[in-house]
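Two forms, one protein chain; structure tokens for each follow separately as structure 1 and structure 2.
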Structure 1
Amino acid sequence: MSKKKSSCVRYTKWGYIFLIPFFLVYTIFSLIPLISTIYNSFFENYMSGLNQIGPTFVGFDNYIKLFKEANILKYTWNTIIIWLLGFIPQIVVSLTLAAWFVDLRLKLKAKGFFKTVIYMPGLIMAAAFSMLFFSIFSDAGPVNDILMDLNIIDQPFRFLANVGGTRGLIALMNFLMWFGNTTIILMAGILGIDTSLFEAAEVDGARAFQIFRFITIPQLKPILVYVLITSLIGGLQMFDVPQILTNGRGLPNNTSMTLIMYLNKHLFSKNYGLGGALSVMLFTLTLALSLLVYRIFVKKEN
């Protein structure tokens, strides 16, 4: 008994030793910056010309300033609506493609090729993607030229001067960059479902849509919740695509200005107090929405 016990203790010790690198990296690159951000959010600390103002403890004044600005609600709404415009078609298309690719009855050919093609946009840098779309959909770009040649429009449509056009382009880019990754995740989830469930449903005469609705979707719910939460977090952190496409100005009239773009303005102006307060607010919003999604789709079912 003593030998077994000492062996168990030795293995446990090595387990903790292997965990040290993770906790070390997490502490240095995540925990300490998080604590520092929360700490700085309670101080007035910014540059005025060449003069450094602060750091001076001001309590919750930075948070009060943020909520007194009517634009903060507008930027939050911009972020959520642009995310929804990209996520809804993303999940619909990804679910459809995943169901097609794993369905053996369809006997689709060149599945590997199509999987590679739909995943490739995710490998392109967001900056390059944004510059490409900026060129294609500009006033003198090829899209306007084609539409005018087909007599669909009489004059160039200013996509980047239109609220729907700008938001639509940002959502389209996010869709193209991420639907391939989502498709692969959903395919893995469907392949993990017990095949006897599908066979039993076919024996009972269930149609393809009924199998998808009553077996695939319920069994896939944990994966769908994971995709929803990770996409929500990524959507609230949306920055690179709208930043480059609108040159950081959130055109037109700040209707494509996201929360992270607004945060970047404070950090660029070295207003660390307001930047820290906005970061904490964004962290709290992300946590609250993620817990809400988890509670609705997982907790309620349990």
Structure 2
Amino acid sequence: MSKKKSSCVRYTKWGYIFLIPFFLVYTIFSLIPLISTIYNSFFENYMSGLNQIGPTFVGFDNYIKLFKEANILKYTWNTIIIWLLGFIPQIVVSLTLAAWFVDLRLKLKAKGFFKTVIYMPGLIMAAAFSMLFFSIFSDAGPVNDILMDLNIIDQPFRFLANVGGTRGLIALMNFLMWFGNTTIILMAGILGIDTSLFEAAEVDGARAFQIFRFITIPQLKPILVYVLITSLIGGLQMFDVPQILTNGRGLPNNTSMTLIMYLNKHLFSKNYGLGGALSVMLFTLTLALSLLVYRIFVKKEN
């Protein structure tokens, strides 16, 4: 008996040893930076020309400054509106495609091929994708050439000189990069629904749309919430696409400047106080959203 117990302890030791790399690296490269970010957010610390200002402890001044001087609400609004412009079509299209792909009566052919094609943009380097869109939507680019050849427009449409054009292009890229992924997740979710529910509905003579509306959607709710929250977390991080498309300037007139682009500016100019305050706000927001996702996982396990 005692021998068995000691051998059990001997194995347990390895459980701890195998966790060391993860927690060591996490502590050094994530936890310490997090603490340092929070610490820095309470100090005034930046370069004014060649002069170093601070670091001086200023309490919550950076947070107040963020709202009073830094247009933070405008950048938040930009981020949210661009995210929504991409997310709304994404969820509508993905839900529709997922329902079609699993519809047994519809019997679509080449499903595997379509799935492969729509998932592909999600693996592409966002920076390169954005550079590609910048090139093909430029004033003398292929899209304007094609539109003029087809006599749809007489003069080149200046996508990037236009608020709607720029935001629309960013949203279009986000849509293309994510709708395939969302379709696959929702499909897996629909396939996980108890088939007897669908059978019962068919016996009762429900139409395809009624089944979708009254069985698929309610059963899919946890996964829809999961998709919504993870997409929002991703949306708050939006950076590569607008950064490359507008060369980091958020043109026209800061209407496509996202929160992380603004943070990136402070990281390059070494304004640690303001950058820190912005980081802490974003951290709090994403952590809260992550906890919501965590609750969905825990609910499913039970």
Partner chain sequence: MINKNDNGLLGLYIRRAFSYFVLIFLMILCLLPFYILIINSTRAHPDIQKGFSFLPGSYFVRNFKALLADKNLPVVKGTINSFIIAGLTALLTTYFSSITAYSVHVYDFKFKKVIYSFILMIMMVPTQVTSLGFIKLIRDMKMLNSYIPLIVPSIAAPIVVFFIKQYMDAVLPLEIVEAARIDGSHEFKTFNKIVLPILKPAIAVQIIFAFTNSWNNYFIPALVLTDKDKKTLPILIAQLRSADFLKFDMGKVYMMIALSIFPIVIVYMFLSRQIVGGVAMGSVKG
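Here, residue number means position along structure 1's sequence, counting from 1. Here, rigid core means the biggest group of C-alpha atoms that superpose within 1.5 Å across both forms. These figures come from a predicted structure and were not determined experimentally.
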The form predicted together with its partner chain: is that structure 1, or is it structure 2? 2
Did residue 47 shift 2 Å or more between the two structures, C-alpha, core superposed: yes
Report, in Å with one decimal, the C-alpha displacement of residue 292 between the two structures after core superposition. 8.8
Core-aligned, what does the C-alpha of residue 283 shift between the two structures, expressed in angstrom? 2.5
